[in-house]
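As a starting point, one isolated chain is supplied in structure tokens, in the form predicted on its own.
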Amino acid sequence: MPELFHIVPEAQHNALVEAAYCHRGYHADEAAEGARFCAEATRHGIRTHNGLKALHLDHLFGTGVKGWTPGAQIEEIPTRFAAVKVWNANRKLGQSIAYRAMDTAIKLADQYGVGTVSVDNATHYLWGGGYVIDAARRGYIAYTNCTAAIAEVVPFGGKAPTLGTNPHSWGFPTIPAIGFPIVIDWATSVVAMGRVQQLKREGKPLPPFAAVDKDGKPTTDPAAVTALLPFGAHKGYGLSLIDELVAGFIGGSLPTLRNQWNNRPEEKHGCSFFFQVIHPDALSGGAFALGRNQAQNVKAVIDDVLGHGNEACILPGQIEAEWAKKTAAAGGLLFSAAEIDAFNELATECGHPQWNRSALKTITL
């Protein structure tokens, strides 16, 4: 169904988000990185992880409960591996950590062909796709995963939520081939909790068998959701478990204790991140058929996948790329009326001027 959106200039959006972060004690550089991320999510149509979600998470688990640490400094942990960095984030804002970690992994990949950064004691970084898109645009293959803020997902065959939504995100530098990066990005639950919150805000139902209520029964009512289900049954469960195991090797906390700062304080409670960047040259065997170079070969592979009657298929990342084009054509970031009202609540909280909805241009998409 077509939906009416209000067009908010990006600078106006960023000013409000930065003001909200600064009001909660974050430093100017962190606030700017947080706003940059929120704008990128909105630009690509990721409404489940926009500024409303980011600041809601901070309220629930961060400065609202003195769990996250504005102005925290990243501590580098010594390692014997040249292409690896290991960081203690000291509960620093997740988006700020993630941008810096991806930049660092890219520098390592430039030198060693591959670079990895693992991060302990972090806060949630929200939409992993935003970071791999950024790397892919710059010509790199990138991957990241993280443990979610809390345990909201029931393991396959179980009844209690002991896993996070635990996303995986891959980005591929396919702009020369198709005009946009291929980005494979998902939470390992059927839907993210941010989607539940969005649908509740918009008064819309969930898809079937995505979530359960307090009695463990499937529900499509977002207001009744108490836990989520993994996608693909045992397959989504296994992918979610990967994030927990990687975090376990890094030093991460027990999933059922994450961000519960007053529950068993002797334990750790932060999230863990993993970033890996590969320089495309580091993968090349050089023996491409028919004299193709690497970029031409990648395009040939994509063309073959989308050939044979599959020309109407959508590539991962295509929807986000098309939404970014619509955003650019509109001349600003796109929000529903309900989202505008929610942002104005944040403006009231931090003493920032509200957005005058009647003065904003609109577009129906």
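Here the structure is a predicted model, which is why all the values come from computation and not from measurement. Residue indices: 1-based, along the sequence shown. Here, rigid core means the biggest group of C-alpha atoms that superpose within 1.5 Å across both forms.
A second form of this protein, the form predicted together with another copy of the chain, is not displayed here; the remarks below concern that form.
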Report yes if all three of Trp186, Gly232 and Gly309 come within 4.5 Å of another copy of the chain in the model of the complex by some heavy atom, otherwise no. yes
Would Asp215 count as touching another copy of the chain in the model of the complex under a 4.5 Å heavy atom rule? no
So in the model of the complex, does any heavy atom of Tyr112 sit within 4.5 Å of another copy of the chain? yes
Applying a 4.5 Å heavy atom distance criterion, does Arg195 contact another copy of the chain in the model of the complex? no
Contact of Arg137 with another copy of the chain in the model of the complex (heavy atom, 4.5 Å): no
Sort through 220 to 228, 234 to 242, 196 to 204, 90 to 98 and report the only stretch with a non-hydrogen atom within 4.5 Å of another copy of the chain in the model of the complex. 234 to 242
Stretch 272 to 310: residues contacting another copy of the chain in the model of the complex, 4.5 Å heavy atom cut-off: Phe274, Gln276, Ile278, His279, Pro280, Asp281, Ala282, Leu283, Ser284, Gly285, Gly286, Ala287, Phe288, Ala289, Leu290, Arg292, Gln294, Asn297, Val298, Ala300, Val301, Ile302, Asp304, Val305, Leu306, Gly307, His308, Gly309, Asn310
Once the core is aligned, does Ile182 move its Cα by at least 2 Å between the shown form and the other one? no
Is Ala233 among the residues whose Cα moves by 2 Å or more between the shown form and the other one after superposition of the rigid core? yes
Is the C-alpha displacement of Lys85 equal to or greater than 2 Å between the shown form and the other one once the rigid core has been superposed? no
